[in-house]
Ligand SMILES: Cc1cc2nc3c(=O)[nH]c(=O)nc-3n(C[C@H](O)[C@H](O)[C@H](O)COP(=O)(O)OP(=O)(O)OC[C@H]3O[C@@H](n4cnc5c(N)ncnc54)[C@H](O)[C@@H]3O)c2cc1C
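Read the single chain below, which is given as structure tokens and is the form predicted alone.
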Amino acid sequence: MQVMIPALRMTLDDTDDSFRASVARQLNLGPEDMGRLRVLRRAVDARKKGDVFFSVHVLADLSPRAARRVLGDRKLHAQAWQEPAEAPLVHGDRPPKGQIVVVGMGPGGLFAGWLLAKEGYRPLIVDRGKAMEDRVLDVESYWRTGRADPESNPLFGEGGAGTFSDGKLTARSKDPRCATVLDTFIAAGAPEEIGVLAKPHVGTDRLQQVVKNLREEIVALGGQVRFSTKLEAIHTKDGQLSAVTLVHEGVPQRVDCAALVLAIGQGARDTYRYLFDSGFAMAPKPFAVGVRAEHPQSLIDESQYGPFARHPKLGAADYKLTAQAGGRGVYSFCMCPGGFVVASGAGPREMVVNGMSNFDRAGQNANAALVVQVFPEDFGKGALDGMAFQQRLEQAAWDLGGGEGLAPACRLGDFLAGQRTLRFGSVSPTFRPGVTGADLNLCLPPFVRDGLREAFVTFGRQIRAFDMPDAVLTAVESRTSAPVRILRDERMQSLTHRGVYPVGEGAGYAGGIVSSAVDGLRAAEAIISQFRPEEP
């Protein structure tokens, strides 16, 4: 009988054999009672000072007698196990009048397109940016020179904005589609460990190849993929989608369209404006803004793991911080162990910073966004007012950096003292092409400035020396999530334009790679339920 036992202890030095013996001891079983073991989930437990181990959920094949004993022990919280059954998709019977089009190849669009292609619908998937191999070159040029290609950058192109981050695949949702996303990533070349780790990540370097492999699978399944192709217009008749106009290399093409997955990403501000002007129902939503903070990775390792820091099975430590200041939440976001601070803009005179790390997380610095909540009452009640608020911050940061793609940065000690940084200390900024020593208080709204100052006191208590004066702050982290929501109904269709499916982070319904991918899968399922697949 298969039994799932949560939260068993695995030491850092356990081998497969020694862990098996440890499980038998923890369950008070003899070797004859236990068959195959499978680790379902593994998380680092460093809550007790001086004691770091893995908390492991295990699936064990047990004899009937042993299973009864384990299931009867309430302290173990064991459960009889059944492999989760995948619910079959129900296909509609209507023939689609026109193509099914997916706009955007971030995780929402990519997974919507993948499922549609897998089910025989031959979707047309377009992205205004370039294919990965060309996009990587453009992004590297941007980071070297400070000049972004407006259509091929960290926001636009195959893989979306998440490709140039850390490839974190953590999701709080219990949606079974999360497992589908991880399994699909693994099949496309991601490390198998992401199916087990509590905090899985792929890394920017490996994620690029995984995304390309997914694209090739979509094409092999009958889907079409077009890059450097921008959505120019959505056409409707009596409130129902009828066609879209796509532009490739300056040439417009009208495409009859039965369903449109709108996975535009939050960087497509011109598309937001077009949708607003076209009467789409939209609303402002809360988000958060702040700075990127860099600390020595060794400091984070030692604070989190103590004497176990640098153990080869632990790797670079991460952290999660929360505080309250002035009635607002202040928290860490998108923490990148052993990573780098990078530019993540798309337009002229906008300084946007983000974090990334490769799979090995071997950089000298840890970085994370430290951000303060922003509410609609801070910027206005119009659907696009939050976007305008972000733009003003990004332009202020650009100006404070002195232009030429340099980011304004300062030592934490100088930020708290309200003065400009003239030279950096023991922590060197990793941002390219470089930084300008500045007083970041000059480009942040007062409530963000004051919230960060107050929160650093709390953060310094949560992680030893987190408030070290030489920590580096770089501005501005302005795109933690979309500032607007494209309103949709329970069928995932726009409230005002039937047949249009706004999905993912850009539409205001997700907050990361996995949640965006899940949202894309849900939209694809909704489309599949209406239409029959194309004839082979």
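Residue numbers run from 1 along the displayed sequence. All values derive from a computational prediction rather than experimental measurement.
The same protein also exists as the form predicted in complex with the ligand; that form is not shown, yet it is the one meant from here on.
- For the options 164, 142, 459, 431, the residue carrying a heavy atom within 4.5 angstroms of the ligand in the predicted complex is 164.
- Out of the listed residues 291, 351, 100, 105, 105 is the one that sits within 4.5 Å of the ligand in the predicted complex by at least one heavy atom.
- Three-residue candidate spot 344, 504 and 516; every residue lies within 4.5 angstroms of the ligand in the predicted complex by at least one non-hydrogen atom.
- Of the stretches 266 to 274, 89 to 97, 176 to 184, 386 to 394, only 266 to 274 has residues with a heavy atom within 4.5 Å of the ligand in the predicted complex.
- Residue contact check for residue 415: none of its heavy atoms lie within 4.5 Å of the ligand in the predicted complex.
- Among residues of the shown chain, residue 231 is one whose heavy atoms approach the ligand to within 4.5 Å in the predicted complex.
- Interface residue remark: residue 408 is not counted as part of the site for the ligand in the predicted complex, having no heavy atom within 4.5 Å.
- None of the heavy atoms of residue 328 is located within 4.5 Å of the ligand in the predicted complex.
- Contacts between stretch 20 to 50 and the ligand, counted in the predicted complex as any heavy atom lying within 4.5 Å, involve no residue at all.
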